[in-house]
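One protein chain, two forms: both are listed below as structure tokens, the first as structure 1 and the second as structure 2.
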Structure 1
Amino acid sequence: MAGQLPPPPPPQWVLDLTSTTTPSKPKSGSIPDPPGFTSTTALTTKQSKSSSKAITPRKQPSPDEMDTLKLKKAWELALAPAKQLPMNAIGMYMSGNSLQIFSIMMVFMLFKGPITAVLNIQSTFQRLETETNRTQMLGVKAAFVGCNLLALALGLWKVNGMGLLPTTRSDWLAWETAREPLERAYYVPS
């Protein structure tokens, strides 16, 4: 037992707790902040110090900028259905071609979404439409309709896969009539 090891340095969290480098004055008078609590004011001051730039109050965008922004937003809205397409396609593929309540409901939703979206196209883009960007908005709307049509096409593909589209001869068989013979033969037992 000759020499004692020197005591280990205190761990970081102890240092953090005990450090009083940024003593913040507590918000509410007498109650001190809990140890390790860094007040937001201290942080902002730090940041502001590092960026060394004063925040200027946000200035109102000009009408041109506003139009651009609105157009941008409108494009986002218009392309949203297209973004859902891959997921829908996977869902449709997964649900199978059999006529079951689940797949029928999925197909129904698939049809309902695009159709209602197309019907509500005016209200969707009303907020973003201004007098000046009307012409550009037409393109956006066309894109929106196109995307929804894509979704519809997906639905059609699915319905076709389920065999619900009357595309084959057998679907029209009921409307074909048998030929009527002009003669009728009867057996007369002798």
Structure 2
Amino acid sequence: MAGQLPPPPPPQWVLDLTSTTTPSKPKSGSIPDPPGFTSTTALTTKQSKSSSKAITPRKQPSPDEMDTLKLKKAWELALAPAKQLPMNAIGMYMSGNSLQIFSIMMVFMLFKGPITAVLNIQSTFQRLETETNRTQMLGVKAAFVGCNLLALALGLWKVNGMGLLPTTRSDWLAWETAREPLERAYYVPS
């Protein structure tokens, strides 16, 4: 074997994919372009027109505008627990009042979420609070705490429905003292 054969040429589809030139398609009048289609020639003319115009960068928002945007975002965060209340209420209703693992875990998660949210309130609103909107953020934080208290009230309603809250007199019988009667009546059979 004095000489090796050269490798076979690549298939046509590889050449088509690697070529940088666009294939020229015959412009036939029988098939129109689909709606919304822009040809490459129209795109190049639009690009040349747009490059001739000066592109102005977006104006940076002023500090007042940033405070307004941050306050809007803070209100969205504050009212988010209230938006979850209908879903949680339907979930609590559908889980039933019996003591099962599913209903107990649902109630646990219903209590855990608002409590951790209230404990982490400073870190929740830290990135949105500035020196100029600090007083307005107090109302936002109060609304956030109020919405989480509503979720806790929903959890208390569920726990009461399950019979786990000691709300009746019979739940406190261990601390009741026996009443001493004023007199006793005895029956002696004759």
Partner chain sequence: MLLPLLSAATLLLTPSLAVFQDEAFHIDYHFALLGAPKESTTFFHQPNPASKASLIYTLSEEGALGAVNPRDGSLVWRQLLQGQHQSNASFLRAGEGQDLVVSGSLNQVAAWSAEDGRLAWRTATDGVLRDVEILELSDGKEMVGAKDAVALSGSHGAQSSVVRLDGATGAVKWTYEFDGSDEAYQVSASSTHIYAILLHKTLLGYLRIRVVSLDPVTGKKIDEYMLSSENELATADTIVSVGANSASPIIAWTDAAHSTLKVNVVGSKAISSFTIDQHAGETVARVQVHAPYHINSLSHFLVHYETATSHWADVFHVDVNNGKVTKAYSLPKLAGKGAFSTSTSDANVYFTRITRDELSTVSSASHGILGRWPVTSFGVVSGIGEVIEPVHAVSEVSVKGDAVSAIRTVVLLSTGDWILLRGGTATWNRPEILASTVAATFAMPAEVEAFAERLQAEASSNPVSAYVQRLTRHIAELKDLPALLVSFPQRVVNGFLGTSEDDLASDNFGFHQIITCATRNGRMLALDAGNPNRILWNRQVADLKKEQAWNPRLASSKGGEVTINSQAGTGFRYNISNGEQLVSILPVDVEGDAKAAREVRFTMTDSALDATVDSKPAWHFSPASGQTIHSLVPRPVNDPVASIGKVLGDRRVLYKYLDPNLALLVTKSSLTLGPSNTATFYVLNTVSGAILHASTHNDIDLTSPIATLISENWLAYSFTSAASATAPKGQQLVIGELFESLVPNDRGPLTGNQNYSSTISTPEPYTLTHTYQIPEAISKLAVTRTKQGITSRQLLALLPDSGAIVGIPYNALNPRRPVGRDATKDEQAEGLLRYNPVLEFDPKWLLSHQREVLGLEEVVTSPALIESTSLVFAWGLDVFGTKISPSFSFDILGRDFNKFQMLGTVAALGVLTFVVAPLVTRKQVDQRWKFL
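In this text, the rigid core denotes the largest set of C-alpha atoms whose superposition between the two forms falls within 1.5 Å. By convention here, residues take numbers in order along the sequence of structure 1, the first being 1. Owing to the predicted nature of the structure, the values given are computational and were not obtained by experimental measurement.
Here the chain appears twice, and structure 1 is the form predicted in complex with the partner chain.
Relative to the superposed core, R179 shifts its CA atom by 2 Å or more between structures 1 and 2. Superposed on the core, the two forms differ at P10: its CA moves 2 Å or more between structures 1 and 2.
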